[in-house]
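Before any questions on binding or motion, here is one chain by itself as structure tokens, the form predicted alone.
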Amino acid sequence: MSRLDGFISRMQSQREILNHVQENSMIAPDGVILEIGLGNGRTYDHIRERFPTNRIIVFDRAVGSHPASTPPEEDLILGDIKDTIQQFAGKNIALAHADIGTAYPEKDARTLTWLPQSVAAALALGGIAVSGLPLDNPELEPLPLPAGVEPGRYYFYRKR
């Protein structure tokens, strides 16, 4: 599969899972959402559209998003995500979405030393995690992928 086809498949999988969460009312309409990695803001914009009543708190190292897809300042946390996400441990987050993989195995391996436990620590019991990287953590139960999502393209969990 070409890198372009792989990217398209990953984005389609991301969208299918996020839409599945919304269409099946898997989180409360007032639950807080963490968007871990703003990038250019496309996914943030999609989450904002699909979950219009939820507060979305976004993490990244710096703002690189399109102005129309940039969260308000009070919902934007800048800095090293490994450090800044720690303040959300125990905050009963409804949904955490993380798309911070790089496709460089050594970099992703470093991210996976802290991301799974950080997401698990932030989520409420029954909270949902959606990620481009596998979140191997005993507190996170893998959920069945929606139709059309190829296993290994994107990951879907509920906190036990």
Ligand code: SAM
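Don't overthink the numbering: it's just position in the shown sequence, from 1. None of these values were measured; they are calculated from a predicted model.
Although it is not shown, the form predicted together with the named molecule is what the next lines describe.
Shown alone, this chain has one stretch from 87 to 95, 26 to 34, 120 to 128, 42 to 50 that lies within 4.5 Å of the named molecule in the predicted complex by heavy atoms: 42 to 50. The named molecule is not drawn, but in the predicted complex it has no heavy atom within 4.5 Å of Leu112. Residue contact with the named molecule in the predicted complex: Ile100 places a heavy atom within 4.5 Å of it. Contact annotation: Glu73 falls outside 4.5 Å of the named molecule in the predicted complex, judged by heavy atom distances. The named molecule is not shown here, but in the predicted complex it comes within 4.5 Å of a heavy atom of Leu38.
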